[in-house]
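Given as structure tokens, the chain that follows is alone and in the form predicted alone.
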């Protein structure tokens, strides 16, 4: 069974009296444990596609299936529960909570979404912070961290939920060249350890070069699909 499937997916938005076709009929299948990138100019539909896969929005037409479940048929409450159990998110601006420490930011979804008991929660957080190299920064606040450190915390927060799929929207946009490569390398490492699929929407050629499959989008359509045989080998 595939992890993700989109069948004839269309998404329309109303802009005043004008209907904007953000997605014009997307068909794709993603297997588990893949490192995938969607590339294309602004307005090509990349972020819209991620929002549909992440159960943040619904298609106008078509079917979105994640882990065998047609997520487009869910109501808002069911979508939120499914999202918390199956999907992690990594954002361009990190989206860490400024008044919480590193430890508390990673702990937050375990309390709010999965309500895991204290002992098990502590073990999961300690293990994840160690894996992303942030155990010694656990008591610091986001304002005390570099961009790369913030993104490591964001990765830990996404993966501590044991998601089947992680969606990342321009995750290296605010990072310098060397830090971006380190973050990409960390994501590859996490993918191998947890067999989690990563799907990116990005303009960053560093991520594009490390993706196993590259989908090029233009005007709401996938115009090219390219397999990258060197993915995972170019981290510097």
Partner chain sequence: MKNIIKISWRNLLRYTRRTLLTSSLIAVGVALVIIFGGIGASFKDEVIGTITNSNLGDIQIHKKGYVGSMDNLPLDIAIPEQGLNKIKSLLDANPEVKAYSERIRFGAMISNFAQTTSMRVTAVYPEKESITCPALTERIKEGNSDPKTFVQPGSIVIPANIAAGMNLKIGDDAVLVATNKDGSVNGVTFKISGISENILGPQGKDGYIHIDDAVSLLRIENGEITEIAVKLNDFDKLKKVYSRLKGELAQIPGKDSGKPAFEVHSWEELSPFSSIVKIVTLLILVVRLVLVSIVLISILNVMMMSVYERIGEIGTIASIGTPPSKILALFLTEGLLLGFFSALAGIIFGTGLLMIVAAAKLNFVFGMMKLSLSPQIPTAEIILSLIIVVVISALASLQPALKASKMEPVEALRHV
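All figures in this text were calculated on a predicted structure; none of them were measured in a lab. Positions refer to the first chain, counted from 1.
We do not show the form predicted together with its partner chain, though everything after this point is about it.
Asks: State yes or no: in the predicted bound form, is some non-hydrogen atom of residue 122 no more than 4.5 angstroms from a non-hydrogen atom of its partner chain?
Replies: Residue 122: no, not in contact with its partner chain in the predicted bound form.
Asks: Can you work out whether residue 150 and its partner chain are in contact in the predicted bound form, taking contact to mean some heavy atom pair no more than 4.5 Å apart?
Replies: Residue 150: no contact with its partner chain in the predicted bound form.
Asks: For residue 73, is any heavy atom within 4.5 Å of its partner chain in the predicted bound form, or not?
Replies: Residue 73 lies outside the contact set for its partner chain.
Asks: Within a 4.5 Å heavy atom cut-off, is residue 57 in contact with its partner chain in the predicted bound form?
Replies: Residue 57: yes, in contact with its partner chain in the predicted bound form.
Asks: Could you tell me which stretch in 35 to 43, 65 to 73, 49 to 57, 182 to 190 has residues with non-hydrogen atoms within 4.5 Å of its partner chain in the predicted bound form?
Replies: Flagged stretch: 49 to 57.
Asks: Only counting heavy atoms and a 4.5 Å limit, does any residue of 185 to 199 reach its partner chain in the predicted bound form, and if so which ones?
Replies: Sequence-ordered list is empty.
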